[in-house]
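Listed next as structure tokens is one chain, alone, in the form predicted alone.
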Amino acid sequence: MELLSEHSQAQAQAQAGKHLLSIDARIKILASMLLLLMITSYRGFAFPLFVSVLSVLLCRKMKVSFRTFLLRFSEPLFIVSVLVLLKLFLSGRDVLFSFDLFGLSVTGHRDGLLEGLEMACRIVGAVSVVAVLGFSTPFAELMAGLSWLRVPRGFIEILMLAYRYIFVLFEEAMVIYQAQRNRLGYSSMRRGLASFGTLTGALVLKAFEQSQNTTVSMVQRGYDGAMPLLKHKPFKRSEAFASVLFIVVMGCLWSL
């Protein structure tokens, strides 16, 4: 329920960024793809950090809470931390420090640390761009934009169904979890593992049951193998010109 609440809150907060929200989803997707290409091809720290700061400011403009922003970045930041540690200790030649741990010599490398931080900046910058795109674009418009870009229709339909029912399954999981907690299902490590296994199995069965019910419901409502998507409106010249100008400015910064 908390995840659903956070998501609903994020969507509601995104409504506050009316200007970004009103821009054609296809333009935002194209601009995001070009920005991602610039970030991944950039060698250094400046451009990805600049994009990250700009993305944070845009999210603040859309009144996205700091907690929601941190939740979106929790997994990428964990991956980034592991990546930096691996680069620090397992790559590079310039010794930064060294110590013994349980009889093993542990050595950190300066060039490995710098390489890891550079990759971390690119990851954070790329995730920031995707976060802004997600906060500023309703899901239905995002899927319609991907369809316009000729993303396979089967993939889009799977995304739409997953987006719809992941929250249903999460809510079901929370109901089972609370019932297990009320019966002291997590009072010890052993009981916790057993309860978690029961919860996982119940969710798998629930997912199969939900898929059958969904299939029957869709067929009864006239589903013929093609899920309808939003119709695209003509591009607005002002939005297209502003996006081209934005990409040109970012390209100039990228080339510095």
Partner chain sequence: MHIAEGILPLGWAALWSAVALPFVAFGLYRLRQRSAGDLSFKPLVGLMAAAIFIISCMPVPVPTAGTCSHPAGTAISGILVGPVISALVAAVALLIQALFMAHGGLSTWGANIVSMGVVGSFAGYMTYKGLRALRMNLTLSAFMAGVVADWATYCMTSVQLASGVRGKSPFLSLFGKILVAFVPTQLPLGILEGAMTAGMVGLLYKKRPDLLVKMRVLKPEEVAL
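Positions refer to the first chain, counted from 1. Remember, it's a predicted structure, so these values are computed and weren't measured experimentally.
A second form of this protein, the form predicted in complex with its partner chain, is not displayed here; the remarks below concern that form.
Proximity of Q210 to its partner chain in the predicted bound form: non-hydrogen atoms within 4.5 Å are present. At a distance threshold of 4.5 angstroms between non-hydrogen atoms, G108 is out of contact with its partner chain in the predicted bound form. Under a 4.5 angstroms non-hydrogen atom cutoff, its partner chain in the predicted bound form has L133 among its neighbouring residues.
The closest non-hydrogen atom of M33 lies within 4.5 Å of its partner chain in the predicted bound form. Heavy atoms of every residue among Y165, M174 and G201 are located within 4.5 Å of its partner chain in the predicted bound form.
Scanning 119-142 for heavy atoms within 4.5 Å of its partner chain in the predicted bound form gives M119, R122, I123, A126, V127, V130, L133, G134, F139, L142 in sequence order.
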